[in-house]
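Here we start with a single chain on its own, the form predicted on its own, put down as structure tokens.
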């Protein structure tokens, strides 16, 4: 029986191992299944919930855009979002500037460089709950900090029961826990800058501030944009550390948007309303992500 010419041609051009192109898909299959099960499916279900009134026990009742309309008139939601924005406005530049400064210091030929890098990176390996409980132990009314102040003859401060100091405590704990991670990213970005630029600047007699402003900062733009966007997204998703440290108090002074959504969904059993809030937060974070991709592309040019 004669073999068709097209089949012979296909057999001739086929490379060794080409029939096994399905094997790479097996490697990504476990992650794909986990991502679909725990991310995609809950996200779709949450989106469906957002158009219903649902308490988790009784049958769902379709309300259309009723939940979204109610959110726009919910002052507590916008207050929590405003507190989150203010928290991000302080935390993001603080983490970026401090992590860049530490990275620039630790790429220099100094003694015990590895030890200092480990010290700064170590907090990133601790879970947010442990970080929050650790700083609660430090800033509590009977904590380490107040004990030291008492030894020095000073009046103790109510770090976690005063609105201002509670927010300051949250910001300090956040910076301490995340600085090391972004320090590593900045170190990678700094070490990727060709040394020829610095040599040329040194021969021209440029000062260190001028070298930093005209060489380091422009060439570090993609890394800086990445760090800014990642810290911004993290700030809007912050919850475990804050909950372990202050529990959202005093009152609701450190109740940020994710904790407010959690309380709406599970404490008040308004799953439909909480899902609609989650969709709004998802849209907000998606906008940050899209902005990051756009700015990063511009920086690489």
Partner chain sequence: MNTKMKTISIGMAMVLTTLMTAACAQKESGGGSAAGGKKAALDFVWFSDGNEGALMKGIIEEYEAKNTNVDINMIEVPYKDLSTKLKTMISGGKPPALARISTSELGAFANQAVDLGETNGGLDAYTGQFVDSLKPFYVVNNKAVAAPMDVTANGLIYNKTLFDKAGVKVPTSPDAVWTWDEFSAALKQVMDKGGAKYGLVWDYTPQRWSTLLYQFGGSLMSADGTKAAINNEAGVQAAEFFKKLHTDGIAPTSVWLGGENPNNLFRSGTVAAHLAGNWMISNYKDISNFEWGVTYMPKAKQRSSVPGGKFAMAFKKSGVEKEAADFINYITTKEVNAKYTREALFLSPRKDNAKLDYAFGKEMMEVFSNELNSTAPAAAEDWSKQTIVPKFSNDLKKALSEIVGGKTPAQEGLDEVAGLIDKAISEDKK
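So that the term is clear: the rigid core is the largest set of C-alpha atoms that superpose within 1.5 Å between two forms. Numbering follows the first chain given and starts at 1. Just so it is clear, the model here is predicted, and its values are computed rather than measured.
The same protein also exists as the form predicted together with its partner chain; that form is not shown, yet it is the one meant from here on.
Enquirer: Using a 4.5 Å heavy atom cut-off, state whether residue 44 contacts its partner chain in the model of the complex.
Expert: It does not: once its partner chain is placed as it appears in the model of the complex, residue 44 has no heavy atom within 4.5 Å of it.
Enquirer: Using a 4.5 angstroms cut-off on non-hydrogen atoms, would residue 134 count as touching its partner chain in the model of the complex?
Expert: Judged by the heavy-atom cut-off of 4.5 Å, residue 134 is well away from its partner chain in the model of the complex.
Enquirer: Answer for residue 23 alone: is it within 4.5 Å of its partner chain in the model of the complex, judged on heavy atom distances?
Expert: Yes, residue 23 sits close enough to its partner chain in the model of the complex that at least one of its heavy atoms falls within 4.5 Å.
Enquirer: Is residue 72 one of the residues lying within 4.5 Å of its partner chain in the model of the complex, judged by heavy atom distances?
Expert: Close contact is absent here: in the model of the complex, residue 72 is far from its partner chain, nothing within 4.5 Å, heavy atoms only.
Enquirer: Taking its partner chain in the model of the complex as the reference, which of 210, 221, 158, 113 has a non-hydrogen atom within 4.5 Å?
Expert: Of the listed residues, the single hit is 158.
Enquirer: Considering its partner chain in the model of the complex, find the one stretch among 159-167, 182-190, 212-220, 96-104 with heavy atoms no farther than 4.5 Å from it.
Expert: Careful reading of the contacts points to 159-167.
Enquirer: Looking at its partner chain in the model of the complex, which residues in 50-69 have at least one heavy atom within 4.5 Å of it?
Expert: The stretch touches the partner through 54, 55, 56, 57, 58.
Enquirer: Superpose the two forms on their rigid core, then report whether the C-alpha of residue 26 is displaced by 2 angstroms or more between the shown form and the other one.
Expert: Residue 26: C-alpha displaced by 2 Å or more between the shown form and the other one.
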